[in-house]
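What follows is a single chain, given as structure tokens, in the form predicted on its own.
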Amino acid sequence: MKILFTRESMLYGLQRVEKAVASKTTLPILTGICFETLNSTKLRLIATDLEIGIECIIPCVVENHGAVVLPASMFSEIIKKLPEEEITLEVGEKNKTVITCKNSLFNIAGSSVEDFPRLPDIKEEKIIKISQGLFYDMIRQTIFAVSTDETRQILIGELFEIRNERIKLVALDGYRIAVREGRGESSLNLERDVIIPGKTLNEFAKILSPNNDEYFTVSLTENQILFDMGDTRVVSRLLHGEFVNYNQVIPKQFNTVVEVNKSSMINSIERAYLVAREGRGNNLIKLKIDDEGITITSNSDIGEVREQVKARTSGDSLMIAFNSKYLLDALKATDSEEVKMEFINEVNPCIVKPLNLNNQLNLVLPVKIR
């Protein structure tokens, strides 16, 4: 195998596939990246940790076809340090690989591709097209609510609902729920619910372009999901089990409603958190809601804080407490400068959502006040 490529094109491919390289594994081959020629002008890079696999196709000049697995970390560092000149990669006997660029020459040990696991072949019809920017926002506005408790396997993923062209991501961890809706493009009359690992969505978000209106396609099998961006494909296993019926948990009627500036609320909670974090580990803040607006208080062994936030309130007065981190996460994920907060009483969940939009909702459980 002998190929020539630019530093820029190789870094583009590496930055994408490196996200699937295994960091902790009993299979050393998974710490590498597979490089294989496709034709005279294309090279495919593949990485997988057996849960998520990413492949990216980059341009190159192929003088001799072939394939090799190279250690991801070492190869990436080499390419980053080389100058902006044409790079040559040549694989010899026993996968010994020579990398040359201008006055630099590296000899590194490669591995056979025979031991490298192939990505599953997703043959099912592409079911929906989604804008990169939209899906990036959907992940960003829900991923914080994915559980980190490995004993609750279903909750370490997000529910991905497809109802024809309407799509929804839902995450919950037992303390909060995050829901974000959007629309894609589909010619199929389809209803499908799958659970995507949070890790997959987190890594895929790093590949997506936040402000890009270009579309990617989604394909599904019983056990796998494929995100196809053209030059980059991301394949992941799906989680199996019954997701929580979140619609039954979300309240529909409220006794207290608050409309408030998001930035003002976030800034006040963050100041209150400076004292709350010195407490007994629950980051507790209290919200008093009445005709005057919202009063945020917190106290610990080091002192106490009181913040007054202007807000439009209606309904019953209320005193309620929250883990400040959970409430901050919900507010920061809401893409609206004005937010609506809805309450039933001091023991039922609070709903946080954009003031004039119906595509997003966050639920946060309160902390019981003794």
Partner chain sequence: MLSVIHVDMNAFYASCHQAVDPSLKGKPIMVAGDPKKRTGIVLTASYEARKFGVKTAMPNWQARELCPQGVFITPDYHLYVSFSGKILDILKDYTPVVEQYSIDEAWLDVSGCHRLFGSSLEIAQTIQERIARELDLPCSIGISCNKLLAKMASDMKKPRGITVLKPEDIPKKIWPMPVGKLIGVGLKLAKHLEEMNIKTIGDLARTSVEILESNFGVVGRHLHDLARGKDKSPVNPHSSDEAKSIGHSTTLPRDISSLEEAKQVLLGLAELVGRRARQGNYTGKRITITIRKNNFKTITRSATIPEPTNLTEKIYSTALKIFSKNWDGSFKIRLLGVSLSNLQKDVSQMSFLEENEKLKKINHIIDDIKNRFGENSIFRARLLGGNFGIENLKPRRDGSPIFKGKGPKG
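Quick caveat, the model's predicted, so the values are computed rather than measured. Residue numbers count along the first chain shown, from 1.
Unshown form predicted together with its partner chain; subsequent notes refer to it.
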Verify the contact flag for Glu86: yes if a non-hydrogen atom of it lies within 4.5 Å of a non-hydrogen atom of its partner chain in the model of the complex, no if not. no
4.5 angstroms heavy atom contact with its partner chain in the model of the complex for Val367: yes
Would Arg152 sit within 4.5 Å of its partner chain in the model of the complex, counting heavy atoms only? yes
Could you tell me if Leu188 has a non-hydrogen atom within 4.5 Å of its partner chain in the model of the complex? no
Among Leu284, Ile269, Val258, Ile128, just one has a heavy atom within 4.5 Å of its partner chain in the model of the complex, namely Leu284
Have a look at Thr313, Thr37, Asn323, Thr31 for me and say which one sits with a heavy atom within 4.5 Å of its partner chain in the model of the complex. Asn323
If the criterion is a non-hydrogen atom within 4.5 angstroms, does every one of Ile177, Val347 and Leu363 touch its partner chain in the model of the complex? yes
Tell me which of 323-331, 336-344, 53-61, 40-48 has residues with heavy atoms within 4.5 angstroms of its partner chain in the model of the complex? 323-331
May I ask you to list the residues of 217-253 that have any heavy atom within 4.5 angstroms of its partner chain in the model of the complex, in sequence order? Val244, Val249
